[in-house]
Structure formats: C-alpha cells, structure tokens
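A lone chain, given as structure tokens: the form predicted alone.
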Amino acid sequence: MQRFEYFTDDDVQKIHEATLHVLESVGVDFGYAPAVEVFKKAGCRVEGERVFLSPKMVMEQVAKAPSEYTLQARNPDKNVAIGGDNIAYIPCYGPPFVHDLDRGRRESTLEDYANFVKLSYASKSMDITGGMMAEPNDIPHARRNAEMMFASMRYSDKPFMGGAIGAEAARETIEMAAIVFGCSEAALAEKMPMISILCTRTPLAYDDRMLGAIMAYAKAGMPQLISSLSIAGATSPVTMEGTLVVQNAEVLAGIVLTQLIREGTPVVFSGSSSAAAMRYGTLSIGAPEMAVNTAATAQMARFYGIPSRGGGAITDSKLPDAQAGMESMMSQLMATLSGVHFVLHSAGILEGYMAASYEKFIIDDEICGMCKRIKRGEKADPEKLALDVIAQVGPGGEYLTHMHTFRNFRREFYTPIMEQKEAYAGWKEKGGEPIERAANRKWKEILEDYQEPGMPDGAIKDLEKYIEKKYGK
C-alpha cells in the first residue's frame, strides 16, 4: 500500500531546518540536574536548565537510533515489529474515568484496568497491552504502577507498556519484567518485552519525572516513545507548521538524550499534537488538525529514519455516538494510511483522553480491524485479477457460487466482530439493536469467556512477593 504524504519534500526540509534553528538558538529546558549533566559532558552549551543543541549534535545522535526493532512477547507468536512497513495498534492510555452504558461515567478502578487488559488480550487488532488504560483510583498512588504492571503481565501475554511516572516507576517495571521473563536486566534489554511513553512539558521543556524515566529506561536499553502533545494556539503557534516545529524540537531533544545515555536505545518519534478549541480553551483531539499532525509526524519520522507514533481512535465526544465514530475513524485511518508505526489510543478513548469507554473499545476494535484490512494492501497477480474467472462467468453470470469465490472470500473480506449486515427485516426481528448496545453485549461476553494465559512457574507468587515487600499487603 502506498503511503499518504501531506507535506511536500520541500516543506519537510523547511520544517527540519526551522527545528534545528530552534534547538540551537532557543534551546530546551531540562528540569532535572542529571539530564543537564549528560548534555554538559557531551559538550552542549548550557545556561541553567536550558540546553542548546547544535545541528551536528542532533543529527549525529538521532542517526544512532534504530529504524526497526522487535518487542518480544511472553508468547512468541505475539511478538511485535516496530518500524519498516509494520503497524501496531495499542488501546487507550491515561483516563482517570471509565464509562459504560449500564453505570455511566465514574472514577476508574483496578478492576476496570484489569478488564481492559483482558479485552486487549482478546482483541485480534490490539497488538500491545496498553499502559494506564484506566487509572486505578482505588489504589494508593505509590502502589498504582506496580499493580497495573502486575495485571498487564498476568492477564495478557502480549508485549505491554511500562510505567512512566518517574524513575522509580521505570525501575519497578524493569524489575518486574525481569521476574516474569526469568532473566537478568541485561538480558531483558535483548528481549525488549515492553515499551513506554515519556512526554515533554510543552512548549520546549521536560520535567524531572519524565526525564528520570527516560534516563532509567535508556540505561536499561528499553524502547520508549519520546512524545510531544503541543496544542496549536495555546502551547505552540496557531499554525500547524509552527506547531510541528515545536513538536519536532521537543521530540528530537529527547531522542538525543536517550542516545547520549545509551547509543542505540530504541525510540519512537511520537507526535500527538492538535489544535485548541478556541471557543472553550480546551484541547481538541477530534479536530482535523489532529489528523494533519499525524500525517506530518509520520513524514518527519521517516525523514529521520525513526519509527513513528501518531493518531488513534480518538474523540472529543462524551459518549460512544456518531461524533465519536466519525472523529475516531478519521484519526485511525489517517495514521494507517500515512505510515505511522505505533498507534496509541486505538481503542476506548472518550472526551479528549479523560474517559475510557467499554462500548467504544469494542466499536474502535471494529474500526481497527477495518483499518488493518485497508493497510494490508493488494497485489495485482493472476489470482487477484481473475481474468479466467471473468471469462468463465461472462456477461450476465454470477460469481457467488464460483469456486474462486469460495477459495478467496475468507481472506479477501474483513469479517466484523459485531455482525449487523443483514437486511432491515432481519435486524428488526433480532431486536433492532443499535451498535452501542451490541458493543455493550460484546464486551461482557468477552470478559465472561476470558481465560487467563499461562505464566512461568512461580512468576505470579514472585510478583506478589515483590509488591508486598515494597508496599505491604
């Protein structure tokens, strides 16, 4: 499949040159003394917390980041390749609230988090278990990361997203993963079973928590998304080009840090910038400008030879309604067509990252299945062109009973996870169920039928002991 490109090559070059100018003349604030020391030792100009990066430094360090790598799952059949012509879908991340049609909107719990792990595990479209898919507000803050990581490792055998709130959460994630995989932390760097997202404090800054985690993961050789969410008209220029320059500068500065700490640290060039809803002063992730940034992020990442992250089935809607559907498909499809490699927030997000919806998770999973079918592409070979079949059937014939149809329809056509393809009469006879009600029924069926994947002998007890030793029972 050919990739969609939003900007011309000349535009990309201009954005790149503007970015280098910002990094060299304006600089980036690093609010963490150990990070500043790394830049000082590398010969960068430093004024307090502000670090200035020369074009030569930026390009030399960025070139050290790998263009492709593989996350190894506990189940080898579920390994995930990052980069190249591959794409990975990852569910929601970060919401403090959950929503379902039975109970409405409420604060999320550890049970909700575990449920989303199980839904992700059961999904054929989700490639990686999400990070904070639903923040467990019923767990003490200090203990939350450990409990989420335990659930991610126990209830799914796919690669997972690690903790990102500071160096301690990063270290904890690494130590727990080493227990599950039964290896040293040095050997874990070869397996790379996880990936984490570390974010800037836009505009042009990083805080101590994110920098601590970036440095901890880089030292351990763990993959990470270096992510910027700039808000056009609020935390970055109102133009998409200006916002892209700010996003670009932030991401490149973080990537430089990872390579200075450990050369070859796997990273993802992660852009999630969008526009401000100027009437309300809020971030709008359902805006078409979000889709523009997604396509541009993919282009800039290709320019630097680094895997990209962007898009997702994201919406500003408060319910899994028509607005949620149109905004989510717009963004998810743009990420798929533009060549993004890592699509975070591919299932479940409502109201601008604030809530995770059970029903929307299922609807988005359907969207992802459709997008993966489109991404698969086509090949004009003899079997596909079907000239002999066309000749056999001839004018006025039918293809439904032809062997060519029986031989190919299962792999040619996408099979929906929620069937609503029958005629109106048949649909009405079954109760006339709207899609959100079908999704409500589906997520409950999945959780009811869920079977826990196996863990290595003793791993569950070892993880429980690890958490109890740190936090008590």
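None of these values were measured; they are calculated from a predicted model. So that there is no doubt, residue numbering starts at 1 and follows the sequence shown.
Below, we refer to the form predicted together with a further copy of the same chain, which is not included among the displayed structures.
Contact between N440 and a further copy of the same chain in the model of the complex is not found at the 4.5 Å heavy atom cutoff.
When a further copy of the same chain is considered in the model of the complex, E398 lines it closely, a heavy atom lying within 4.5 Å.
Contact check for E68: every heavy atom lies farther than 4.5 Å from a further copy of the same chain in the model of the complex.
Taking non-hydrogen atoms only, D207 never approaches a further copy of the same chain to within 4.5 angstroms in the model of the complex. For the options R105, R262, R143, K191, the one in contact with a further copy of the same chain in the model of the complex, meaning a heavy atom within 4.5 Å, is R105. The listed set D157, E172, D100, D316 contains one residue whose heavy atoms approach a further copy of the same chain in the model of the complex to within 4.5 Å, identified as D316. Each of Y6, D11 and Q323 places at least one heavy atom within 4.5 Å of a further copy of the same chain in the model of the complex.
The candidate stretches are 180-188, 228-236, 131-139, 207-215, and the one lying within 4.5 Å of a further copy of the same chain in the model of the complex by heavy atoms is 228-236.
Of the residues in 380-394, those that come within 4.5 Å of a further copy of the same chain in the model of the complex through at least one heavy atom are, in sequence order, A380, E383, K384, L385, A386, L387, I390, A391, G394.
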